[in-house]
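Only one chain is shown below, in structure tokens, and it's the form predicted on its own.
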Amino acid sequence: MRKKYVIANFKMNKLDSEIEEYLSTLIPLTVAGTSQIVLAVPSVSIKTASTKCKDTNIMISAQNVSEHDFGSYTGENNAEMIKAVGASATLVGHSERRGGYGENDDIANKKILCALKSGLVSILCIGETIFDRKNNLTEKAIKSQLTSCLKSIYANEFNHIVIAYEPVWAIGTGVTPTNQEIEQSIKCIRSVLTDIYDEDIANSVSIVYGGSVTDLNIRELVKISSLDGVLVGGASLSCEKFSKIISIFEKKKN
């Protein structure tokens, strides 16, 4: 049985005090839930959030991790650092890191290897651009990204990997693929994993969807039988909206 995830990405939003207030409201609403709730908070608030979420079913994630173990990399945080302040996971390969900071699949691969070495869960973000979509290259893009990002990763390490299918053209646009398109991409991901590893690994990995997920479209998204969760951006900044997304997902998927 694959683990179910509802993941929030706060991006560069919310001060420590705002996150504490947010969690004070969210925690009581998630006590009875069975899905793994994950909050990717700004790195400066990981300690605050992880302390607040101790003994709850909310996992705290970093939004980024360095591909280096240590050294002269001003402004970076390595996997051991973010783990030491309370993170249990990290996002890797988010399109905003790829597009805004020039990160590619090779860098994502190095980040996953660093995260795995420190025992962190990697939430690997992959997805096609609008160019790929318009030119029927979605499956090719998915295969290329997965093959490169998972290089040198062993089958027994997949209990620390979650794959987030996030079509780049859908992030922050308010537009989402059809359920059929999402289902086809999930099928493609599992097919690629079968080719690289085997069917057991392919069927064991949790795959979530991200890209303009809201409290308004979650009811439609949960109809996708192969979907193991969602990665929520802007809508997660509202505790009311995010808790509604969790509630609807819980009722339909668990």
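Numbers follow the displayed sequence, beginning with 1. Everything quoted here is computed from the prediction, not taken from an experiment.
Note that the form predicted together with a small molecule isn't included here; everything after this is about it.
- With the partner omitted here, the residue from Met81, Ala141, Ile182, Ile171 that has a non-hydrogen atom within 4.5 angstroms of the small molecule in the model of the complex is Ile171.
- Note that among 147-155, 108-116, 130-138, 91-99, the stretch whose heavy atoms approach the small molecule to within 4.5 Å in the model of the complex is 91-99.
- For the chain shown alone, Ser212 is a contact residue for the small molecule in the model of the complex, at least one non-hydrogen atom being within 4.5 angstroms.
- The small molecule is not shown here, and in the model of the complex it never comes within 4.5 Å of any heavy atom of Lys244.
- Using a 4.5 angstroms limit between non-hydrogen atoms, Leu231 touches the small molecule in the model of the complex.
- Not displayed here, the small molecule is kept clear of Lys14 by more than 4.5 Å at the level of heavy atoms in the model of the complex.
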